[in-house]
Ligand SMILES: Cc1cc2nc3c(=O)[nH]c(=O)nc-3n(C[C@H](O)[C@H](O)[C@H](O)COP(=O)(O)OP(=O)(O)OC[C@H]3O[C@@H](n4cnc5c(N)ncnc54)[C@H](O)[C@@H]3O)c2cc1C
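Here we start with a single chain on its own, the form predicted on its own, put down as structure tokens.
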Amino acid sequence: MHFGKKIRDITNIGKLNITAHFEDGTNTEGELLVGCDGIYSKTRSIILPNAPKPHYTKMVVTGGHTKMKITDKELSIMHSNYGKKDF
């Protein structure tokens, strides 16, 4: 894991290993690249240059889990709770 790095370029996309090139001149190689760089993601724009540009929706999403017993045996169902201005 690399924190505080700014991605400059990504090469070898679609091959076994991916190379991430950072603005500080360093590189790293691996089998999986996870870019956690927000709504204006440079990672996304390099990998998917023709994808629609994201826009801010003012929506904040959080998630969690619990150890409560689930009685519904349909495992493909996601349960959500909705409020007046949130869910």
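All residue numbers refer to positions in the sequence shown, first residue = 1. The structure presented is a predicted model; accordingly, all values stated were derived computationally and were not measured.
Below: the form predicted in complex with the ligand, not depicted.
Engineer: Which one of 49, 30, 54, 38 is close to the ligand in the predicted complex, taking close to mean a heavy atom within 4.5 Å?
Structural biologist: Looking at the other structure, the residue within range turns out to be 38.
Engineer: Is there a heavy atom of residue 2 lying 4.5 Å or less from a heavy atom of the ligand in the predicted complex?
Structural biologist: No, residue 2 stays farther than 4.5 Å from the ligand in the predicted complex.
Engineer: Counting only heavy atoms, which residues in 1-23 are within 4.5 Å of the ligand in the predicted complex?
Structural biologist: Contacting residues: 5, 6, 7.
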